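Shown below, as structure tokens, is a lone chain in the form predicted on its own; questions about how it binds or moves come after it.
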Amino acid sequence: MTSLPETTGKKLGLVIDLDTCVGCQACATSCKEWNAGGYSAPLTDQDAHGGDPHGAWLNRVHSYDVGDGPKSRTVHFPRSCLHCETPACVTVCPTGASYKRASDGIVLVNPDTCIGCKLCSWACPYGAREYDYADGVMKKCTLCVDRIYNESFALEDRVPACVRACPTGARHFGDLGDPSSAVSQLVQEREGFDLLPEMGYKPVNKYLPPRPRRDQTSEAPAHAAEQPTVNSGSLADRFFVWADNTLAR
């Protein structure tokens, strides 16, 4: 099994604002396009124009209708690897193909040593691992390591493709290990939260809760601290429970 680095002072990750995400899929499509070449390439598709299209996507966006009547709203929930501090996907890998970098905390997969056993996908509670049937290996979000460290790019382009493409600025990238960084300050100001904190994997990526609707501003804002503890059910089921208790007020 693969061991984890003792510490990663630098924790690169994403902060996703559920208040401003409009579910346009720009993050998913830009991720797919960028990763058709480079580190995770190729992200293959099968039967792309047929009756049963499927393939490897490192970013997905789920949309949920939350609440009833005048308190209802649609919440768009982007999902990708959360680059956990203690990722189960790394510790279960029998070949060491899945690993967490000590330098910046990014979780990656070495395709040369991955045997496609899928243990990492079973261990990940967030459904962030993708098995590429054409290549026979696991693939996942890399935070676009081939972009963020590329000094030939303009400074504004040294961010993950999903961040660069987001038209509403709902995605933020930075060092969440630095309390003074812009992303850390944003999490503190907006009471950002972990996805499924009860699992104990300490995801680096954070989510910012939706603000109260403009026609409900007289009501008290919902806080991430009010999330219920849920110990069973699918990822979607757990989100519904959290959303019903936190968003639809």
Partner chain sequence: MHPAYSVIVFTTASGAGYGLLVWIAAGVAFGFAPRDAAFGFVGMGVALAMITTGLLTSTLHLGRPERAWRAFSQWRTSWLSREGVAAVVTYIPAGLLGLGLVFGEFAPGQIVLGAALSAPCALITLWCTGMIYASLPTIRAWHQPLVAPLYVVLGLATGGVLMTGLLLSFGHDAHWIAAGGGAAMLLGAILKRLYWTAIDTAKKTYTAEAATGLGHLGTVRPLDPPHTQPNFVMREIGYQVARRHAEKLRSTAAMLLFLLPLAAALLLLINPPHALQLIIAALATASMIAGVLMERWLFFAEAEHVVVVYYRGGSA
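Because the structure is predicted, anything quoted here is derived from the model rather than measured. Positions refer to the first chain, counted from 1.
Keep in mind that the form predicted together with the partner chain is not shown, yet the notes after this line are about it.
Proximity to the partner chain in the predicted bound form, defined as a heavy atom within 4.5 Å, holds among Leu108, Ala165, Ile148, Leu119 only for Leu119.
Only one segment in the set 136 to 144, 165 to 173, 149 to 157, 100 to 108 has any non-hydrogen atom within 4.5 angstroms of the partner chain in the predicted bound form, and it is 136 to 144. Looking at the partner chain in the predicted bound form, residues Lys11, His49 and Cys81 place no heavy atom within 4.5 Å of it. Taking non-hydrogen atoms only, Pro179 never approaches the partner chain to within 4.5 angstroms in the predicted bound form.
The partner chain in the predicted bound form comes within 4.5 Å of no heavy atom belonging to Glu189. The partner chain in the predicted bound form is not approached by Gly37, whose heavy atoms all lie more than 4.5 angstroms from it. Contact check for Val66: a non-hydrogen atom falls within 4.5 Å of the partner chain in the predicted bound form. Residues Phe193, Leu195, Leu196, Glu198, Met199, Tyr201 are the members of 165 to 201 with a non-hydrogen atom no more than 4.5 angstroms from the partner chain in the predicted bound form.
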